[in-house]
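Given as structure tokens, the chain that follows is alone and in the form predicted alone.
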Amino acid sequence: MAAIIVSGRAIREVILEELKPELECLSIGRAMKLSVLQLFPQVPDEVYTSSLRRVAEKLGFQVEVINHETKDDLVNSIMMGNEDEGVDGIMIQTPEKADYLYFTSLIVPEKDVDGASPMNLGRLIRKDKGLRPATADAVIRIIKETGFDVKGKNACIVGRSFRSGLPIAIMLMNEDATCTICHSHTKDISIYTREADILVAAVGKPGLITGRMVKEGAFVVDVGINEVDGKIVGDVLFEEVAERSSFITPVPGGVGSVTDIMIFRNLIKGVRMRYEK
């Protein structure tokens, strides 16, 4: 079996067209702006911001990237962005998990384009109105775009971060999948991955998922972004896994491409929520 390679870039273009009518109905008299606030950014962060700029240009949005030397400076920028009516969305890029959780907790919910604040994560769990975690939203859209039926399927998510793994699991459960989450203390993840109809790799460890770990015909979603020898690769050994799966997302050009546009969809949704208050 040779997998169908699911193009995130093609799906991104579809969503771009869906957003255009919304933008026509939502005129605020200026270009909408995303503020990307960095603290010790890594190579994948730079790749991501470059992609965000390209998508923003298609929408007529602005993207400002501000690098900070200290945590206090970043906190000040968040507070200023919360109050600034000219800033419509705020996104944090920092390598430390604890820092990311703290900084995103300071963002007002309507400007939290990554859907990572406690308020938005709580709304996700409750299925209330809010901004959904962009990466998880991208994963669900990718699967649905292929027509793959999630309901009743066994899903295995490798990785339990608040940025990707946990929200992905919650959103898959909301689509009636049965989810297993594997993490660094799971003794043998292959026990669980080989039973998965849907396998999501979201760890940030290149080559973690091999062909022998994948169920024949599984839908494999690679969320990982890693730099290896100057190239960006995922968590999945693509060639091996593609031989066994029915669908697979590439890196680059897969989940990240759809996450880009989900960031801006959240920005638009957040603007509407602010103006509806």
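Computed from a predicted structure; not experimentally measured. One-based numbering along the sequence shown.
Below: the form predicted together with a small molecule, not depicted.
- Mapping the unseen interface onto this chain, His183 counts among the residues with a heavy atom inside 4.5 Å of the small molecule in the model of the complex.
- Within this chain, Gly204 lines the site of the small molecule in the model of the complex, having a heavy atom no more than 4.5 Å away.
- For the chain shown alone, Thr104 is not a contact residue for the small molecule in the model of the complex, no non-hydrogen atom being within 4.5 angstroms.
- The closest heavy atom approach of Gly159 to the small molecule in the model of the complex falls within 4.5 Å.
- When contacts are defined as a non-hydrogen atom within 4.5 Å, all of Thr135, Leu208 and Thr259 contact the small molecule in the model of the complex.
- In terms of contact with the small molecule in the model of the complex, the residue from Ile225, Leu34, Ala218, Leu37 that brings a heavy atom within 4.5 Å is Ile225.
- Among the residues Val108, Val75, Met171, Ile189, the one placing a heavy atom within 4.5 Å of the small molecule in the model of the complex is Ile189.
- With the small molecule left out of view, the stretch that reaches within 4.5 Å of it through heavy atoms in the model of the complex is, among 143-151, 160-168, 115-123, 79-87, 160-168.
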